[in-house]
Ligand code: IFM
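Heads up, the chain below is alone and in the form predicted on its own; it's given as structure tokens.
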Amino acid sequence: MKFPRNFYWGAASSAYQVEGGIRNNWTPYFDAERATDHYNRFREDFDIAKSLGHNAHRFSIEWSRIEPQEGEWDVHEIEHYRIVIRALRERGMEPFVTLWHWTLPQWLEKKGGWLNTDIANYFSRFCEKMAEEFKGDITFWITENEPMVYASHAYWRGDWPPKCAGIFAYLGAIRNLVKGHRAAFAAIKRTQPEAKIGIAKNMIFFEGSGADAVLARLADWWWNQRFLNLIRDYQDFIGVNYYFHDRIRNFRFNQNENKVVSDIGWEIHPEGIYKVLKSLEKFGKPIYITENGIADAADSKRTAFIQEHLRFVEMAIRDGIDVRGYFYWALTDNFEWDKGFGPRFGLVEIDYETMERRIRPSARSYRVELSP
């Protein structure tokens, strides 16, 4: 496979899933406890990423560490993330920083979280503070991670914090997530006009033929396209998180054949990443694959998973799609939200008793040949 010389490739993580020792709105429901102790072992983890040839890394800044009480900035934690960012720079890796990866400070959750009518102001204030602190070291900012996924689980199904199920809560959360991104975009640009800002958008390839194609197009509009359309003028790039497709048959969703699945039952469908990348061509924005990965404890499918998905990414680039980077999810095994520590997504295996890191064989096969 051939990729452009300036192509970014690496792996991704999020603070609550790896750092440990965090108290936020998820903690009362799903406590990550020590997680992978990345807060103390980030240099070791970055050394591993560097040894694997990565030239970029995506991670998140934990809002509840930075602003543990409303309006109070924790100088020590700001300095910690400054050291993290510099550790990446010292290893020749470009930092991609996520500002909201599904967690909120507990004080903000008590105010209503993403249903609070002022949350766009709270969020943009936090984002502006981060831009002020790190503008000399960070170019790429991801304001929100998978806003539609979070809204669906937290405010429609009600199985994630704050467990508030209902159509009006769901629609209200989406509306505020749109407002939050727009406000954050403007705030960061005021401080750092040259910043590159986007979101990490979960994309599903909805597949249907005949009459089912109508439902597939409707689902694509609602889930994939609508949020991006609402922030069309407030993004410098589009981040794509792709894991699976959804085959529609007889007007029913989730009719996948499931011939080859991950440990958590997601069908492996590499062609879908090409389809969603093509669907974004109309936006005219650079694209980064900000997440793509598989839960595979035996490490028996990960190599083929990565290589096949990269083959379709390369195909999209050859067909004129402006894809500029790929981040495998995840660098290490981690706390997988409501699923706990069971799923194993990492290029690096974690022994949760000893916190020992072990590079999986698939990690060494994850290399991209760059064009001259």
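For every residue, the number given is its place in the sequence shown, counted from 1. All figures in this text were calculated on a predicted structure; none of them were measured in a lab.
Below, we turn to the form predicted in complex with this ligand, even though it does not appear here.
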* Structure fact -> The listed residue (Tyr326, Trp329, Phe59, Phe42) that reaches within 4.5 Å of this ligand in the predicted complex by any heavy atom is Trp329
* Structure fact -> None of Phe140, Tyr155, Phe206, Trp102 but one has a heavy atom within 4.5 Å of this ligand in the predicted complex; the exception is Trp102
* Exercise: Trp63 in contact with this ligand in the predicted complex, heavy atom 4.5 Å -> no
* Is there a non-hydrogen atom of Trp337 within 4.5 angstroms of a non-hydrogen atom of this ligand in the predicted complex? -> yes
* Asked: Does Trp266 make contact with this ligand in the predicted complex, using a 4.5 Å heavy atom cut-off?
  -> yes
* Glu291: touches this ligand in the predicted complex, heavy atom cutoff 4.5 angstroms -> yes
* Asked: With the partner removed from view, which of 47 to 55, 28 to 36, 311 to 319, 337 to 345 is the stretch that lies within 4.5 Å of this ligand in the predicted complex, judged by heavy atom distances?
  -> 337 to 345
* To do: Please state whether every one of the three residues Phe126, Gln192 and Gln235 places a non-hydrogen atom within 4.5 angstroms of this ligand in the predicted complex.
  => no
* Structure fact -> In sequence order, the residues of 141 to 170 that place a heavy atom within 4.5 Å of this ligand in the predicted complex are Asn145, Glu146
